[in-house]
Each structure stands twice: as C-alpha cells, then as structure tokens.
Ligand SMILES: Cc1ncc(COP(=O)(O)O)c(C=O)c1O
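Next up is one chain by itself, shown in structure tokens, the form predicted alone.
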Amino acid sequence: MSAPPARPPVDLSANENPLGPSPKALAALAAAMGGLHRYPDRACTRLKAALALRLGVSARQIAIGNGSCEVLDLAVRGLIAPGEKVILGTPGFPAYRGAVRRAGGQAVLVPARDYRDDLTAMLGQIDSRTRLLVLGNPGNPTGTLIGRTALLAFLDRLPAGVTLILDEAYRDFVADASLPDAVDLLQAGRPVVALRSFSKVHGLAGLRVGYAVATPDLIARMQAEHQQFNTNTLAQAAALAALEDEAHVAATIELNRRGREELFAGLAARGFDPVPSQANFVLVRVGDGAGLVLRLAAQGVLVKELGRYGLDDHIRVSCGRAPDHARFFAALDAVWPPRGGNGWNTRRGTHLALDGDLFSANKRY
C-alpha cells in the first residue's frame, strides 16, 4: 500500500493574504484575458483616476509601479544624488537599503530602541549631505507603529530640503487610532512621500502593483525614469477591481485581527514574549532563529528567518487562518525546547544592535 500524500506546507513566511485575491479582482482578470494582444495602458489612467478620487489628490500626484519596491526605487532616485545620505531605521525592510545602494546613496543605519524606530537618534544623524529618510509605518519586521503625535513632532524638526518616505504597506491592518496618514500629511504641505501596495490587504502580491503619492514634480521625475510599460494589463485590471471590493478588504482585516490575537495568545502561553504588532505578522525572539525555522520546516510549517534583517535570534510569523495557526503551534510544540541544552533565550531586549551582513541571501522578503 502506498503512503498517503504529504500535506502541503503551511506558509506563514511572507505576510501574504490568506484569503487570496478579491473575487472581483479574479473576475476582472478573466475579463481582461482577451485583450492581452494589446499593450497595457502605460499611463495607468483608470487606476490613477480611481486612486485619486479615493485619496482626494490629483492623478498627477500618483505614480504606479511594478510593486511598491519599484516605486520606492524611483522615489529614491528622484530625491537623492549619488553620494548623498539616506537615514534608515534598523531592523527594517531590506529593500530600503537596496534602493539607496542602487541610487548611489549612502545609507545611514540607526538601530531601533525597544523595537521602535529611534526618531531622536535619526534626527541626530542629519547633516548637510542628508536628503532623505525612509520609515515603514507599521515597520517590517517589527510591526510597531509611529503614532501621529510622534510623527508630527519628528517632521517639525526636519531641516528644509529633507524628505521622508513613509512606507504604509501594512496600514490597513492597524487598529491603533493614532495611525497617521501620509497622504493627509502630504496634502498639508509636509515633505512626505506615501508608499502603498496592493500586495497585502488586496491579496495581489503575485501581480506586483504598488503606488506612491507625492508632489507632482517628484511624480514627473519618477515617471521619466521607469520602463514604458511597467505595470501590465492584468495587474491594472485586478488592482482596479480590488480597490472597489470593500467587503473583501473588511473580511481580510477581520481575519487578520483574529489571527494576530491567536498568534499572540499561543506564543505567550508557551513562554514567548511576542512584539506588539499592528501589521499582519508577529515578531518573536526565540534564540536560534535559523535553527527553529529549519525545525519547523521539517514539520511542514514555513516561517521567516531574519538573518537578512540582522535579527538572527528572532522569527517572524505571518497571520493566517485558524487551521494554519494550529499546525504552526503543533509544529512548535514538537520541536520546542530544542533537545540538548537548557532551551533558547526568548526574553526581549530593549536595544537592537545589528551585526553581520544585512544583505545575505534569503528566500523571500
């Protein structure tokens, strides 16, 4: 008798939407298939118009790209010259450092304090060669939030000629009422660029659609630099439909709220101290992060190894469905604590100092 087929792994490693794409987006994809012999609308006219109406901005203030990573690259190139400084919090999304490197800039890394970007220390690093800061809000991989009051005080102290890019890829999952809105700040005249994504709450990570909201002059510089057809027909159609599916967005947000609570409760019950997250993932210190990732993978559960972020002693677990979490905790119980020795230190520190190569190879963001 042949053995039963192995169950597919549970993937909680990449902060993806466990509900998948909006049904309306899938229908729009099917409808658009017949037009694939035509080139895409290189200006993304309909999608820009829908975003502009929803956000209360001009379409001239929106740039759309092949995921928010491309839009980030374009914005950084539009804001700095080679050799100029860009201040980044660490740990932070590795794509920020890559964008600065490709633009010929100098990344100045400022360690977080208690898993939150140290805004005071960042201000202290600004000099005459500084043109830009990049912050995630909420941040990845921490999930922590910079509140409105703290962000306004930070912006008040920025020197003239320095811009802040706020990556808001995870803003839809935030329950904290103090969440600032980068688009509102921009419209109020603050030196801010808003960066947003269709990959997370809209579930379109595989189609790569992201956008920036900025001043018309920066948008014009960004659009002059990107490839002629940098978003394809299917991506534009799906994003436009997903934008209108408020029921799917609401269901995703509610599933994430419950999932985040399940992960927190289960980890705490096992003696861990997960970092309070406002995103669709949970960061937790485990001691030997790479070792635990391998042991969980052997049990059929994938979580994020964070050596690339400079957090070798942590893992990041994406929020999924209840059965996914059940398999995660069953796998964790099977391998924790590690055999031999007296377990791994899971206490949270208050200051994160980063060592090693932040650009080491890693499977996925």
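The numbering used is simple: start at 1 and walk along the sequence shown. Worth saying up front: this structure is predicted, and the values here are computed from it rather than measured.
Missing here is the form predicted in complex with the ligand; even so, the following discussion is about that form.
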- [ ] Using the partner position in the model of the complex, report whether His202 sits within 4.5 Å of the ligand, counting heavy atoms only.
- [x] no
Open item on the list: How about Gly67 - does it come within 4.5 Å of the ligand in the model of the complex, if we only consider non-hydrogen atoms?
Closed with: yes
Open item on the list: My question is simply whether Asp167 lines the interface with the ligand in the model of the complex - judged by any non-hydrogen atom within 4.5 Å.
Closed with: yes
Task: Contact test in the model of the complex: Phe93 vs the ligand, heavy atoms, 4.5 Å - done: yes
TODO: Taking 4.5 Å between heavy atoms as the contact cutoff, choose which of Asn230, Thr130, Ser197, Gln236 touches the ligand in the model of the complex.
DONE: Ser197
Open item on the list: Quick check on this chain: which one of Arg285, Arg77, Arg208, Arg190 has a heavy atom within 4.5 Å of the ligand in the model of the complex?
Closed with: Arg208
- [ ] Given that the partner is absent here, state which listed stretch (259 to 267, 113 to 121, 174 to 182, 208 to 216) has heavy atoms within 4.5 Å of the ligand in the model of the complex.
- [x] 208 to 216
Task: Neighbours of the ligand in the model of the complex among 114 to 151 [non-hydrogen atom within 4.5 angstroms] - done: Asn140
